[in-house]
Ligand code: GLN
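Quick heads-up: it's one chain on its own, the form predicted alone, in structure tokens.
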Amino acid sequence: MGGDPGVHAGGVGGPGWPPSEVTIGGLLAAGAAALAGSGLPTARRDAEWLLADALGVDRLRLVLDSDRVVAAEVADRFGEWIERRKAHEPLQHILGFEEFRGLRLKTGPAALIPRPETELLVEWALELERTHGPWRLAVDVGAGTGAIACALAAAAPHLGLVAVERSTGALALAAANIAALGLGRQVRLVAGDLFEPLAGLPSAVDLIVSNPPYIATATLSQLPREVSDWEPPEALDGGPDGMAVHRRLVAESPRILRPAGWLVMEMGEEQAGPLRRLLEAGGFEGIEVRRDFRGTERVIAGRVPGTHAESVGAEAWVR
């Protein structure tokens, strides 16, 4: 074993795991090496997250207590998690959560894992509310885990949210997150496809936000294994050019937006130009695009014509 208590003939998660006595430092080294051997560029970070969660401590404690001997059942759990991560199962699925704008959200294979790029959409929506509000009602179309709706609700307690999602599994995740964060009185979760369940909201909505599927169908197979093998295809597949759902959002949102209401959408690379033209053709004004932290054009927003007025018919939807 070369003197390292975390490396042995069976390998992490293999026969003979765990060793009779193993330290935090040894386990961490063995786990990181196993993940690196599977081609994972975030091997060390991933091993830290998994071991910290198995131990119920923060990652700093792994450094401070590197010589601490770990109980066999904890080492065994860590070994199982390392094997799952070696198969490129997302770290968030193994841990069961992801952080999004300071909120811990339950995650799982039924919904897209919340990503840092989507935080830009939330930040911009909040900026628009501060500039053009106060607003009463916003709709998150394709809510997934409920990340966007929960983040908006947590940051703007006066704002009512309707979160729309058609996937039964994603609805369960969103409901769990809304409840865990204590946002049930502010966020209303409804089942359905896009605007179909919102027939009672003519000209009542101040803001529509959405992170729709935007990957072109032909390129789905080129995605990293963590995405293509483990995340729901319906949350990724945006049709032949990746903009099929965007077209529906642009065409249908004016029906429920009040005058001067806003539509804010996440998008894929090289979609900004076509979507800008689509919004212009749909009569939207004030169209703007913002880039993510990598410099990619990632979010587009536009407003329907008119002057700000009180939402008509929103009362039944705002708790």
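Keep in mind it's a predicted model, so treat the numbers as computed, not measured. Quick note: we count residues from 1 along the sequence shown, nothing fancier.
Another form exists, predicted in complex with the ligand; not displayed. Remarks below refer to it.
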| item | value |
| --- | --- |
| Contact assignment for the ligand in the predicted complex, among P213, G79, P90, G160, heavy atom within 4.5 Å | P213 |
| Interface residue in the predicted complex among L137, L201, L103, A235, criterion: non-hydrogen atom within 4.5 angstroms of the ligand | A235 |
| Non-hydrogen atom within 4.5 angstroms of the ligand in the predicted complex for each of L27, A32 and R84 | no |
| Partner-proximal stretch of 161-169, 107-115, 174-182, 71-79 relative to the ligand in the predicted complex, 4.5 angstroms, heavy atom | 107-115 |
| L223 within 4.5 Å of the ligand in the predicted complex, heavy atoms | yes |
